[in-house]
Every structure is written in structure tokens, then in C-alpha cells.
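First, one chain by itself: the form predicted alone, in C-alpha cells.
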């Protein structure tokens, strides 16, 4: 029996989606050739965001504070006894043809863990901090404002960039279930573009170039490489207005999810989080899209009630699919852990966050069979 008790309004909306109305089309992802399981995932995520907020964690099964590659282990599970509902994975360096990601996780391991997540009924989302195709630098190399233009059709790096997309497509095609069909994943490239710290950022390309980059990518993966198990997520950094959020939006016909990233950098975070979430949730509802907080994190070592006070309360009244916090590096990273872990001052508060009726974890969605 699930530990959550859903509110009446959310249940009514969920039943509406399940039963449908005569002559009313069911929600569909933007890829009209999407696999049955991908369509089901899309529809079930729309239902679930009316019932509660799923919790996600980056690289949750791969490593944590003081450990790497321990089968079945999770820092989240260590603290609350349950796994996240959503699992984030990073494919940066895949384009280089090397065996492991920029976060030192082997791609074979990521493939294995995506499969494990799928088998237990969890949801996988993929980000891609790909290297600068013009300069050869990292994703954070913003030394040239010509990168996006160079990879578009007719650009000097267009063919080279298609090689990047081919390596990505090969990996995505390798994500298979026992029946040999593709495991559905949420693909979230070119994120935080409202900032200018990645080569695809606001000050590094025009709005039209950014939109063209998105369209070229989706059309190549979907039409040229025949990938039909992807949901596509548009994800900004923090923003102030609806106009700013939509300035570089590539179009309803190629986006399945509207999302944003927001880290707690100081005073005003809860208010900004709520404001951005309300805007994104409303825009997503108007377009029939999923809404999410695609990256988040805060000073959990110094704010022991961060989970309930700073993260949950601002989001409680906003229909969102999930909130995903960034990774817990095992060692040597430039940032502290963003997820819960044993010994952290916020661990007890995370248990309260877990037990709150509004939050959804692995046990809450396993019985929902999101792919069926």
C-alpha cells in the first residue's frame, strides 16, 4: 500500500486522464512515432504531477559520499529507506569516444543502471555537457560566440557535430529492455541557456541560432537516426519573466517538458523557486506539457531544515512532475553533496520530506507501472 494519501482534486484529475472523454484525444509526446512505452510514460507523468512531486537525484545508483559502484546502494536509500523516483545521468565526454563520463562514471555502467532503474519502474533523465565542437574545450568554454552557428547546416563544424550526435544516438539506441525495444528516457540537452556559462548560452548565440540547434538535434535523432523512445526537455536557469523563459523556446512541436534549474545561492531562494515554478507549471499546462524542476540543490550542511522549508513548501501548491537534486560526489569535486546522505545535518529533515504526503519516491510509483 502506498504511503501517500492523494488529495481529492488531484485524484479527480488523474481519473479524468485515465478514463478520458468520448472524442477527447489523449496526450501525446511530440514524436508521433514514439514507442508505446514512451507514450505511456508521458501520459503517466502528466497524471502523477497532479498527485504529488516526484523526487530525483543525479547519479544516485553510481556513487555517493564515500562509495563507488556498490550494487543496490543509494545515499537517498541510506537515509530514508527508499530510492528516488527519478534518476539523472550525465553523458558528457560520450562524444569523445572515451569509456567514461566527465563525472568518471563508465558509460557501460550508466547503461546498466538505466536498465535497473527501468526494471524497478523508475524514470531516467539524461543531460549532456558536451565539449565545445569549435574550440575543443569543455562545455564551459565560452571563448567564442560562433560555436552554435558553426554546427548548424552550412557551418564549418556541421559534419563534425553530426559525429557527436551519432555517438549520442548509438548510446541511446543501446538502451534496450528484455524485449529489445528502447527504454524511454527524458533527454535534456542545451540546458541553462538563459545564462552564459555554456557554449550554447544566451550571450554566445542568437535566439534563432539556439532554436535551430534544438530543431536540428531533435530532427536528426528522431528522423535520421530513428530514435523513438525519447522525451525532450527544455530547461532554463533562473528567470524573471515569462518572456525571458520563452525567448529561446524552440517550439511546442519538439518539446515535451518545460523545466528550469535553480540552486539555492542565498536569501530569496524559496520565493524565486516558487515564482519560477508557478510560471513553468502554468506554461506547461497551457501547452499540454510536463513541468519539472530539472536541477536543484542547496546548503544542506548548514541549513538542517532545507528539504522541508526551502524546497518542499515553495513547491507544495504547484503542479510539477519532479524536482531533481544534483549529485553527491564521492570525493574530489568542487562542490559539496546536494543530495541527502548519512551523517548530514539535514538527514532527519529529509526523512520528514520523504514522509510528507506530497512527495513521491520509488515505492510510490512502482505500482503505478509508468510504462504501461
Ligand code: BMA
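If you're wondering where the values come from, they're calculated on a predicted model, not measured in any experiment. Numbering follows the first chain given and starts at 1.
The protein also exists as the form predicted in complex with this ligand; that form is not presented, and the subsequent description refers to it.
Contact annotation for residue 209: none of its heavy atoms lies within 4.5 Å of this ligand in the predicted complex. Although the partner is absent here, residue 111 lies well away from this ligand in the predicted complex, with no heavy atom inside 4.5 Å. Using a 4.5 Å cutoff between non-hydrogen atoms, residue 264 does not count as a contact of this ligand in the predicted complex. A residue is said to contact a partner when one of its heavy atoms sits within 4.5 Å of a partner heavy atom; residue 335 meets this definition for this ligand in the predicted complex. Residue heavy atoms within 4.5 Å of this ligand in the predicted complex occur in exactly one stretch of 35-43, 65-73, 339-347, 323-331, and that stretch is 323-331.
Among the residues 95, 247, 78, 90, the one placing a heavy atom within 4.5 Å of this ligand in the predicted complex is 90.
103 is the sole member of 103, 141, 82, 237 with a non-hydrogen atom within 4.5 Å of this ligand in the predicted complex.
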